[in-house]
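Below you'll find only one chain, the form predicted on its own, shown as structure tokens.
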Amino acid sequence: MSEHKMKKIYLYSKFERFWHWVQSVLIILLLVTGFEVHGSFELLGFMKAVDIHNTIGLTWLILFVFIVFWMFVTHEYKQYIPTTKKLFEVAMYYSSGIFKGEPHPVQKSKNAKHNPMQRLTYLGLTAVLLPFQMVTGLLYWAYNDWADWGLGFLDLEVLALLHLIGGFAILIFLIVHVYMTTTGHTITAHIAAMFSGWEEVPEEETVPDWERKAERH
């Protein structure tokens, strides 16, 4: 794709970039302190790791509420509405085409920042995995209040296991996500865009019909 002339489009707002990077840092810190609490390694000490994990977890929850609020106020939630259009082509690109130097079948645009596979992934992350992790974390944190809340039937060990599984799932997503940021027309193009807000796309690229239809819905 490097042989194509590129143009820059302003894709990511200041708040979008702010919550992306802050949430990234919070999640990494939660993973580090969470795995220490689990006993995977010793870095801060158990009690300090617990305190930091709880504080960061509550901070993340507050930020997440603002993110969801912002998405609906700005109508950015439309960027996550799933579609099967071009989904197969994108899957084929990531499984083989990318290794052959083929162009991406779906380019970014202001009204379609995410390709069909990203939409499904980010929707699952935002609507399922992250809320799951927050709910299990909150229940774990409020263990001493379960009886008062009528939740005495819950099993702490099962809850801890579910929270751990969620942590591993987020870690896997993070690793894949970091790798995917290197698959632009240059290895740093996507990362640079999340700092500046400006994404580079092929100059001759126009918004595909399926994306314009998605905007109207």
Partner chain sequence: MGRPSRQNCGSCHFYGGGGDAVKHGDLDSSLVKPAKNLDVHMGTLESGGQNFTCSRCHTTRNHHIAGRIYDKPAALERKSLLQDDLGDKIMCESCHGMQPHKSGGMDSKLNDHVDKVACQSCHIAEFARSQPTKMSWDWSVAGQLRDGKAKVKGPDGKAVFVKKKGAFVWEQNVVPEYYWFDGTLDYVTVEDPIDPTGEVWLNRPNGSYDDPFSRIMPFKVHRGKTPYDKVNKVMVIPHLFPRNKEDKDAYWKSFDWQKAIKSGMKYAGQKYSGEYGFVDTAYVFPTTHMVAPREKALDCAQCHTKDGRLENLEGFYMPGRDSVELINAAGWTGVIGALVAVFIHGVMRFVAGLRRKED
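All of these numbers come straight from a predicted model, not from anything done at the bench. Numbering follows the first chain given and starts at 1.
Missing here is the form predicted in complex with its partner chain; even so, the following discussion is about that form.
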Of the residues 161, 43, 65, 151, which one places a heavy atom within 4.5 Å of its partner chain in the predicted bound form?
161
Give a yes or no for residue 128: in the predicted bound form, does one of its heavy atoms lie within 4.5 Å of a heavy atom belonging to its partner chain?
no
How about residue 98: is it within 4.5 Å of its partner chain in the predicted bound form, going by heavy atoms?
yes
Taking 4.5 angstroms as the cut-off for heavy atoms, does residue 70 touch its partner chain in the predicted bound form?
no
For residue 88, is any heavy atom within 4.5 Å of its partner chain in the predicted bound form, or not?
no
Candidate spot 51, 140 and 144, all three in 4.5 Å heavy atom range of its partner chain in the predicted bound form?
yes
At a 4.5 angstroms cut-off on non-hydrogen atoms, which residues of 32-52 are near its partner chain in the predicted bound form? List them in order.
35, 37, 38, 39, 40, 46, 47, 50, 51
